[in-house]
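As C-alpha cells, one chain now follows by itself in the form predicted on its own.
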Amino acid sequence: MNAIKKVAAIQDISGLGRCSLTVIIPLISAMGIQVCPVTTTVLSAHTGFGDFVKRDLTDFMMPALEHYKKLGVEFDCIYSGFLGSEEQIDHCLEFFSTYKNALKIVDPVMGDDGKSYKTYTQRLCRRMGELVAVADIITPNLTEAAILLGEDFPKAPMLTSEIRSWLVRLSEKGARIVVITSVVLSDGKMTTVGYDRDKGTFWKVQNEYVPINYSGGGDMFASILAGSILNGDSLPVAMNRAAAFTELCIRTTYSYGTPWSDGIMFESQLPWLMSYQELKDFSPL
C-alpha cells in the first residue's frame, strides 16, 4: 500500500463561516490525502462577520517548521492561502525552500469583485508576487490576477486572446500551471481557465452563474484542484472536478437560502467528492 500523501496547509482557521482550514481539511482529506495545518491565525468567525475574536499565530510558524525538520517529516505539497503580514510571507518562503521537492501551490488570496481586501496593502500585494515566483501552481481569481499583473480589473467580458495573454504573463512570473477563476468571457459565460506552460495547453471549464458570492469558494476550488493534481489528474480533469463540486455545493447552499456569511454547505456532498465523479465538461481555451 502506498503511503498517504501529506499536504502542509499554511492557512488561517475560522470557527464560523466555512473558509480556509475548515474547508481545506475535510475536502482534501476526503480525497485520501493527509492535511497538516500550519495555522497562521485563529478567528472566532471570518472577517465578513465584522465582529470577531482573533489570535495571530505568526510566531508559531517557524517553530513548527523547525519541529518538522527535526522529525524528518517530508511533505508532498506545501499549499499557502490567505496571509496576514509580510512576516508570514517570509515564513512561507522558508517552507518552500525547505521542501524543495514538494509541489508548491499558492492561492494568492488578496481580493475579490475588483478590489483588494482591506488587510492587503500595496506592499503586501507586491510581496505576494514573491510566493507566486516560486510556486508550481497558482490559483488566483480574476481580481487577484489583475493585481499580480498590475492591470485594471476588467469591466467587460474578456476576449479569449486577452485571457490567454494573462495566463501566459502570469506563468512567466514563475508558476508552470496557472488557473484563473471567476472569468467572464465574451460569450457571457462564467468560466474557469487554465494554462499548462510545459505542455503549452490552455483549458476552460464553464460554470453556471449563481447570483450570490459565498465565503470560502476560492478555498474550496483550490483545495480540490490540489487534491486532484496530487492524485495524478491532468490539469483539465482537476479543473473539471474542482469546478463541478464547487458549483454543486454553491447551488445546494443557494437553494436553502443560506446567508452568505455562513459559507458554502459542503458537508452533505462529501460522498460525491469521495466517489471521484466528474460532471462538468472541459475544452481547449
Ligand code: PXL
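Everything numeric here is computed off the predicted structure, so don't read it as measured data. All residue numbers are counted from 1 along the displayed sequence.
Beyond what is shown, the protein has a form predicted in complex with this ligand; the following relates to that form.
Per-stretch contact check against this ligand in the model of the complex, the hit in 125-133, 211-219, 98-106, 196-204 (non-hydrogen atom, 4.5 angstroms):
Partner-contacting stretch among the options: 211-219.
Among the candidates V38, I229, L43, A30, the residue which, in the model of the complex, approaches this ligand to within 4.5 Å (heavy atoms)
Answer to the contact question: L43.
Three-residue site P26, I224 and Y276 fully in contact with this ligand in the model of the complex at 4.5 Å by heavy atom
Heavy-atom distance to this ligand in the model of the complex: none of the three under 4.5 Å.
Answer for W166 alone: is it within 4.5 Å of this ligand in the model of the complex, judged on heavy atom distances?
W166 lies outside the contact set for this ligand.
Given that the partner is absent here, does P236 sit within 4.5 Å of this ligand in the model of the complex, heavy atoms only?
Residue-level check for P236: no, no contact with this ligand.
Do N240 and this ligand share at least one heavy atom pair within 4.5 Å in the model of the complex?
Residue-level check for N240: no, no contact with this ligand.
Consider Y117 of the chain shown here, and say whether it contacts this ligand in the model of the complex, taking contact as heavy atoms within 4.5 Å.
Answer yes; at least one heavy atom of Y117 falls within 4.5 Å of this ligand in the model of the complex.
Heavy atoms within 4.5 Å of this ligand in the model of the complex is the criterion; list the residues of 16-52 that meet it.
Residues within 4.5 Å: C19, S20, L43, H46, T47, G48.
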